[in-house]
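Shown below, as structure tokens, is a lone chain in the form predicted on its own; questions about how it binds or moves come after it.
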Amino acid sequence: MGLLSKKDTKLITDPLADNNPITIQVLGICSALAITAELKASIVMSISVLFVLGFGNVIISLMRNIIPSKIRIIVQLTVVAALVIIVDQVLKAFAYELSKTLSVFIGLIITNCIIMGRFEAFALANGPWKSFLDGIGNSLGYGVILIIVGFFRELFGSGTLLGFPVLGDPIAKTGLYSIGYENNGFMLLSPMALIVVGIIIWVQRSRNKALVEDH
């Protein structure tokens, strides 16, 4: 018998595709629009949410039987705020320039709909192990979309990936720039992130007709 049962595996795999928190549940859109102009920022935000949601779900699950229902939202906010502070301090200590790039958006993890949604919908009703898997699955689903959007926005907007030039030098006109290619500055604007997410949603629904809503 493997480490994960079939149901446990679905907790991780479902949010990666057919129940993705961004493209299906339409949660966490703000950060997808705001910080995906650079692939590095997308990756760091994804890892940050992975840490906060994974451990946050476990903590809420462990406390679920002793949290008074009237103050459960306050308790959830306190837990996620404490985890976000840890992430923020680690970034400032080991990746200060990147922490300045992400700036207020790390703090806004506290209000990320995905995190509060999983606390309410899953962690309060399930054990620590399943809650941990649910947190990992949903944060991975969130991170995959952020990384895809960040990849295309940085590639076509700046001609770089992780800060390294991959299409050539636009000043010296080498690589693709030698044949007249120019970076698309619109890709660095937030509305283009929404368009890229829209394309991902379209591709996803084209491949799986069960995701298309009936009107």
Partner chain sequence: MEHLELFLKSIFIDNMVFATFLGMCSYLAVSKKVSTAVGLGAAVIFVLAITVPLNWLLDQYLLQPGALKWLGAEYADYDLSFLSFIMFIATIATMVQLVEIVVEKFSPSLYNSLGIFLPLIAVNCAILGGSLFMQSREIPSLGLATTYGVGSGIGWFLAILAIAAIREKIRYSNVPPALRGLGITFIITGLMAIGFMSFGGMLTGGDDEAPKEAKTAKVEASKAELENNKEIANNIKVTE
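As the structure is a computational prediction, the values presented were derived from the model and not from experiment. Positions refer to the first chain, counted from 1.
Just so it is clear, the following notes concern the form predicted together with its partner chain, a form of the same protein that is not shown.
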| note | If we test each of 162, 147, 63, 34 for a heavy atom within 4.5 Å of its partner chain in the predicted bound form, the one that passes is 34
| request: Would you mind picking the one in 26, 67, 166, 47 that has a heavy atom within 4.5 Å of its partner chain in the predicted bound form? | output: 26
| task | Tell me, yes or no, whether residue 195 is in contact with its partner chain in the predicted bound form, where a contact means a heavy atom of each within 4.5 Å. | result | yes
| task | Would you please decide whether residue 129 lies within 4.5 angstroms of its partner chain in the predicted bound form, comparing each non-hydrogen atom pair? | result | no
| query | Is residue 123 close enough to its partner chain in the predicted bound form to count, meaning some heavy atom within 4.5 Å? | reply | no
| query | Would residue 108 sit within 4.5 Å of its partner chain in the predicted bound form, counting heavy atoms only? | reply | yes
| So which residues in 78-117, when you check its partner chain in the predicted bound form, have a heavy atom no farther than 4.5 Å from it? | 78, 81, 82, 84, 85, 88, 89, 104, 105, 107, 108, 110, 111, 113, 116
